[in-house]
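A lone chain, given as structure tokens: the form predicted on its own.
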């Protein structure tokens, strides 16, 4: 028979030293494990003062720039004369460029709505929490799903002749697909791309498309939203 082991009672929070633990909980107490607290810094003055200094420097810099360079303003607005083309502010030009290709309900409601819904849904679901590479374990099934989604998007953009989106999508999909066939030691850059998760590829594609659409709407669109080379 096993010998009875004597158990001594005491106070402690080291579970490795005392693996067998008994917690006595009364009406006025609760079980509590206190761990090591890392280094902490107070928001004030550690952070607030630095933010105030950066704000003052930025304000001074903007005032100096305004003194030496005029803002690119046009003549006084005439409510009886609409400029051609009537361009939105630069941060809306990407959306205005989408309106050139897609119906208003698609470019103005559906696409922005899907982006907003995605931003709302992501925090409540385990979307790529581990940040695993896109081609983790070289999954053929994942490659097939990726290819189907890309083909559907390319067909959709091709139907509406949205070549300014079609081309960067094709390039990004080609680069992402190429990393699937790269060897394990495919150079520093190849290893970096192969280790990127799906969220990185989607966000990079989104940023590239947004920059291209904004740039085209700013410098390559003339009267009637027709294509105009900027040096003409």
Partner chain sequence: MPAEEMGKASRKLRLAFAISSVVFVAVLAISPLKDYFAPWRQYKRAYARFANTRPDTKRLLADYHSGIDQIWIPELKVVDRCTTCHQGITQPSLMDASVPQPFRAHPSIPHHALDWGCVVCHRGQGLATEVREAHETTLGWEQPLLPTHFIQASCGVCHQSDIPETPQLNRGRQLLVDLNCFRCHRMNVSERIYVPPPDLSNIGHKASREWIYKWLKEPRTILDSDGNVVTNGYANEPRMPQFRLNDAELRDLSAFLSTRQNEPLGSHQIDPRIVAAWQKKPDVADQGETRFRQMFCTTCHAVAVTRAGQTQLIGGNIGPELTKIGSKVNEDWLIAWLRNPQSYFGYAQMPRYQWSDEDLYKVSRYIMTRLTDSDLLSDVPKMDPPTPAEIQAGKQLFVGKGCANCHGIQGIKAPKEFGPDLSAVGSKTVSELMFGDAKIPHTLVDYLRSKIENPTSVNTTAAMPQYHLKKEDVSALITALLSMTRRPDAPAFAKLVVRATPSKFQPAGQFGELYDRYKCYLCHQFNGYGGTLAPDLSFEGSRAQKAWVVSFLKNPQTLRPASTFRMPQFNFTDAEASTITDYLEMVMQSPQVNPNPDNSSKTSPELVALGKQLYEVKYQCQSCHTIGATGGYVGPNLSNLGSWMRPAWIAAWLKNPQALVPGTIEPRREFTDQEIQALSAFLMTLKQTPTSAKAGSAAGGSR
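Numbering follows the first chain given and starts at 1. Just so you know, these numbers come straight off a predicted model, no measurement behind them. So that the term is clear: the rigid core is the largest set of C-alpha atoms that superpose within 1.5 Å between two forms.
Missing here is the form predicted in complex with the partner chain; even so, the following discussion is about that form.
By the criterion of a heavy atom within 4.5 Å, residue 45 is counted among the residues contacting the partner chain in the predicted bound form. Among residues of the shown chain, residue 161 is not one whose heavy atoms approach the partner chain to within 4.5 Å in the predicted bound form. At the 4.5 Å threshold, heavy atoms of residue 73 reach the partner chain in the predicted bound form. Under a 4.5 angstroms non-hydrogen atom cutoff, the partner chain in the predicted bound form lacks residue 152 among its neighbouring residues.
In the core-superposed comparison between the shown form and the other one, the C-alpha atom of residue 45 has shifted by at least 2 angstroms. A movement of the C-alpha atom of residue 57 reaching 2 angstroms or beyond is seen between the shown form and the other one when the two forms are aligned on their rigid core.
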